[in-house]
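This document opens with one chain alone, in structure tokens, the form predicted on its own.
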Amino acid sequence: MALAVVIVILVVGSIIFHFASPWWFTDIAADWGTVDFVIDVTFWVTGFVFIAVNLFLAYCVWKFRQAPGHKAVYEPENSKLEVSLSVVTAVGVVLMLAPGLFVWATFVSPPDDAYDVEIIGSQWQWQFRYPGADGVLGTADTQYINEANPWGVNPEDPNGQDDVVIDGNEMHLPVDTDVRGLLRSKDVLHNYTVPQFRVKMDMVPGLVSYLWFRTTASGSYDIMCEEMCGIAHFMMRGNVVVEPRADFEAWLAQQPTFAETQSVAAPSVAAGQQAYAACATCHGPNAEGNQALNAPRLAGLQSWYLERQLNYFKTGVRGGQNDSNGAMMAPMAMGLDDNAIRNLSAYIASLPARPATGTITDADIDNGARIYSRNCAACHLDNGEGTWYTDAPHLAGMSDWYFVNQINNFRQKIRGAHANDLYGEQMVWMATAMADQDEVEDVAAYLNSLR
């Protein structure tokens, strides 16, 4: 009897929890109300089965409980019961599956005039490509991917030269427009999901999958990867801005074409050497760094990373509130134009990467190696060299005191909290892989020991 009561309480509690808990759908922003309908039908069918089966179970426990005079009856077959159960089950399955089949038929048939946008996923970031003036996306393949062409656009395809390319996590779309997303992955399985659009699709290496939707509401929505893709899967976030067409066209006109990204003149190392004279006062003649002046070692850092950080200082992404050391760099960067930043970065990257002098003497380097290999190496590589592919800078031989300062800045959100610091945002979370200050110093000492 007690078991029957517990089952009934479980059913009643589940119903109350369902209506009392705030887990309902996000506001829909695409023309896929049919997906919500299919989910609702599935929910009500499975909900009815859950209630009916458990209440029937409670009834059986109570009705056929052990009691004087009750005797079990052996009934190996009951054709009437079997037919009834088969019919009820078949009806339930049809009710759940049939609406989904009709919706799927629509899902795999995008409108002929849908606006094509290519969505590219990689560990652990997003990139996008829009058709240019010719309205046609050029061909692309992983074999063409390199530091200058992270989208993998075929440089020999004339249709791809005017394609608009976005190397960042923000996607823009016009409202009230049919959009077909062409999905590519550069490495492992990913998944493109915007909950408000109600549709999602896996991104499979070597294939181009697709989904489509009609945008119906302006706003900014989260892009998520819903396919486990590695250690930083939970941080693979982006956002899509749905806006009036005039605003979208204005934004698109400000973005570079593929041809423009490939025609940038090579930086002048000689000009960069001249510009570095002002930097040498703090960072040393060979960019070896100077702790007394809070100037880290720069030698060994890649030019693309130096360019990004100088632009961050110049635009206020770094060096803001509570970042007293970074604030010293901001006025230095503001005096540099784009060409000077590129030249200076190229010169610093050309300097020999001599390891900085270590300052931490009581760290557990072996423990630092274990922490690094479990967490940091996925982006910065086993030898700490870093790679443009994951936007991870060179860490081997880094100034250990500077590493400690920056990890603490990430942990305290002094760095990485700015809305435009997409890569720093990832480090805010990864910095928590080190549990305390001792572990931070262990990793710092390990990195400083790498040659």
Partner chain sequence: MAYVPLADQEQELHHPHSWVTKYVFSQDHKVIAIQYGSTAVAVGVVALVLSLLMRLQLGFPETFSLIDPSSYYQAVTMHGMIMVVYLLTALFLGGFGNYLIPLMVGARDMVFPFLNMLSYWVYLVSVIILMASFFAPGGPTGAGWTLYPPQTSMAGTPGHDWGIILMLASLAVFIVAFTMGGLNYVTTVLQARCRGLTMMRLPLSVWGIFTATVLGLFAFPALFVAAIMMAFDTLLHTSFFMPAIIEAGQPLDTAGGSPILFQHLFWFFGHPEVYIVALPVFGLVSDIISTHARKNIFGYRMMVWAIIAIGGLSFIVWAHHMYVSGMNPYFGFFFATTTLIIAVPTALKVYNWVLTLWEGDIRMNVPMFFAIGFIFTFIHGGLTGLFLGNVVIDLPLSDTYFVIAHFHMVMGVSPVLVFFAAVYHWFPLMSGKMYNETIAKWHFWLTFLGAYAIYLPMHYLGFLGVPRRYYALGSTDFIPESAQALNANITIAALIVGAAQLLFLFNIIWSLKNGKKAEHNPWGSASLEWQTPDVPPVHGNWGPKLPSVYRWAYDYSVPGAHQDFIPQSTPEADEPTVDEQHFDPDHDQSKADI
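Note that the rigid core is defined as the largest set of C-alphas that superpose within 1.5 Å between two forms. Residue numbers count along the first chain shown, from 1. Here the structure is a predicted model, which is why all the values come from computation and not from measurement.
One more form of this protein exists, namely the form predicted in complex with its partner chain; it is left out here, but the text below deals with it.
Report whether all of S14, T42 and P195 sit within 4.5 Å of its partner chain in the predicted complex, measuring from non-hydrogen atoms. Contact check passed for all of S14, T42 and P195.
Exactly one stretch in 245-253, 159-167, 360-368, 197-205 has heavy atoms within 4.5 Å of its partner chain in the predicted complex; which is it? Only one stretch qualifies here: 197-205.
By the heavy atom within 4.5 Å rule, which residue out of A287, C225, I120, L344 makes contact with its partner chain in the predicted complex? Only one option qualifies, and that one is C225.
Contacting member of A378, V241, A353, A280, with respect to its partner chain in the predicted complex [4.5 Å, heavy atom]: The option sitting close enough to the partner is A378.
Would you please decide whether S21 lies within 4.5 angstroms of its partner chain in the predicted complex, comparing each non-hydrogen atom pair? Yes, S21 lies within 4.5 Å of its partner chain in the predicted complex.
Exercise: Q437 in contact with its partner chain in the predicted complex, heavy atom 4.5 Å: Judged by the heavy-atom cut-off of 4.5 Å, Q437 is well away from its partner chain in the predicted complex.
Please tell me whether any heavy atom belonging to N383 falls inside 4.5 Å of a heavy atom of its partner chain, as the geometry stands in the predicted complex. Answer no; every heavy atom of N383 is more than 4.5 Å from its partner chain in the predicted complex.
May I ask you to check whether W304 falls inside a 4.5 Å heavy atom distance of its partner chain in the predicted complex? W304: no, not in contact with its partner chain in the predicted complex.
Looking at its partner chain in the predicted complex, which residues in 232-268 have at least one heavy atom within 4.5 Å of it? Contacts from 232-268: H233, F234, M235, R237.
A419: after superposing the rigid core, is there a C-alpha shift of 2 Å or more between the shown form and the other one? Shift at A419: below 2 Å after core fit.
When the two forms are laid on each other by their rigid core, does W32 show a Cα shift of 2 Å or more between the shown form and the other one? Yes; W32 is a residue whose C-alpha shifts (by 2 Å or more) between the shown form and the other one when the cores are overlaid.
Align both forms on the core first, then report whether W388 has a C-alpha shift of 2 Å or more between the shown form and the other one. Result for W388: no, shift under 2 Å.
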